[in-house]
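Form predicted on its own, single chain, as structure tokens, below.
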């Protein structure tokens, strides 16, 4: 009997993956996309256990990490998108105990969309709903052909769902709205591609709302009004529509109000749902875990004395580093020295830094303590949450000598 595994390559968490194992290593991965294959084959540069750049054992590294967090006045705990839900919950506990700043990558990507969904301000659905029911799919500022390579084939455009037996040929319409003609836009076709200027998404939404209301749409940029009216007619006829929100849309909007207005209008004239195109495999899980415990999804600061929690932009990873408000940092499954602006990353490299990750990265090279952990979904099990909020069980594929991120964080918590 064939055994299937879940791929932690992205937030689709595809659960139909077959692997071949030789000498305790994954040598072949079937069904996964190129991102999934690379992830499941493991690190090309595994991390070593170190303290002050000297190799050591895991016990000494955990003791040093606990000392750093205990002695820090305002530590930062950041990452989490590539950690199991169990590890994330322990990270929240450590942040409470140490009075830490706590944040993740959603702070500067899909966070506003996920927060609005959790607050019931936006109507959403599952990937399975899309596969079985969706007849109109809008990729807005998103290019899943590259960011989530199996999205179109497994869930959105090409599958033959229970209510979409004739598939993409007759039962589905795919539309791309973007500033450039992406690979996904090529699949949608020229007639269903709407190229808009950079940062014009809110204005295009306003024009689309006008068209949906039976009015002549207006834009300050040169755009064929007839084509906007045609798009409005397609959206009106949708029986189950979905807008897949990419970073191109998120970064374009100063606030979500234009999106709220559009979604309200679409649900007056048809039935539309919204799905954030989350990247890291368990970013959505961290947002849910923190929301359940605090009512917030990111950007929080705990008070270690009375367990109160503060929330706001000043407590984000970027602002806390820019303001030099933190004096130590624990980084879990992330590489902020590679991804954050140089102006704030410089300060991160100056303070005591702890990195927990399966793979060596730039942040690890500047860390006081590095602790290699098992690769979740390959060398360790646990649970994670897909981009649509569905919880998925991860299964261990191969053994490793490394502790899981959950075990490491539990031992740090006990040692503090």
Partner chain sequence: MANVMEIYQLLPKTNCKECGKSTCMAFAVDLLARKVKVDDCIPLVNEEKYKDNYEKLSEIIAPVGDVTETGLIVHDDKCIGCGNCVVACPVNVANDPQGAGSGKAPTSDKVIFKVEDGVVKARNVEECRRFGENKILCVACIDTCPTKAIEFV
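Numbering follows the first chain given and starts at 1. Keep in mind it's a predicted model, so treat the numbers as computed, not measured.
Just so it is clear, the following notes concern the form predicted together with its partner chain, a form of the same protein that is not shown.
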{"property": "All of 41, 149 and 160 with a heavy atom within 4.5 Å of its partner chain in the model of the complex", "result": "yes"}
{"property": "One residue of 66, 37, 359, 49 in contact with its partner chain, assessed in the model of the complex (non-hydrogen atom, 4.5 angstroms)", "result": "37"}
{"property": "In the model of the complex, the residue from 368, 56, 31, 383 that sits within 4.5 Å of its partner chain by heavy atoms", "result": "31"}
{"property": "4.5 Å heavy atom contact, residue 399 and its partner chain in the model of the complex", "result": "no"}
{"property": "Residue 93 within 4.5 Å of its partner chain in the model of the complex, heavy atoms", "result": "no"}
{"property": "Contact of residue 153 with its partner chain in the model of the complex (heavy atom, 4.5 Å)", "result": "yes"}
{"property": "Residue 16: touches its partner chain in the model of the complex, heavy atom cutoff 4.5 angstroms", "result": "yes"}
{"property": "Stretch in contact, per heavy atom within 4.5 angstroms of its partner chain in the model of the complex, of 303-311, 194-202, 181-189, 277-285", "result": "181-189"}
{"property": "Within 94-132, the residues that have a heavy atom no more than 4.5 Å from its partner chain in the model of the complex", "result": "131"}
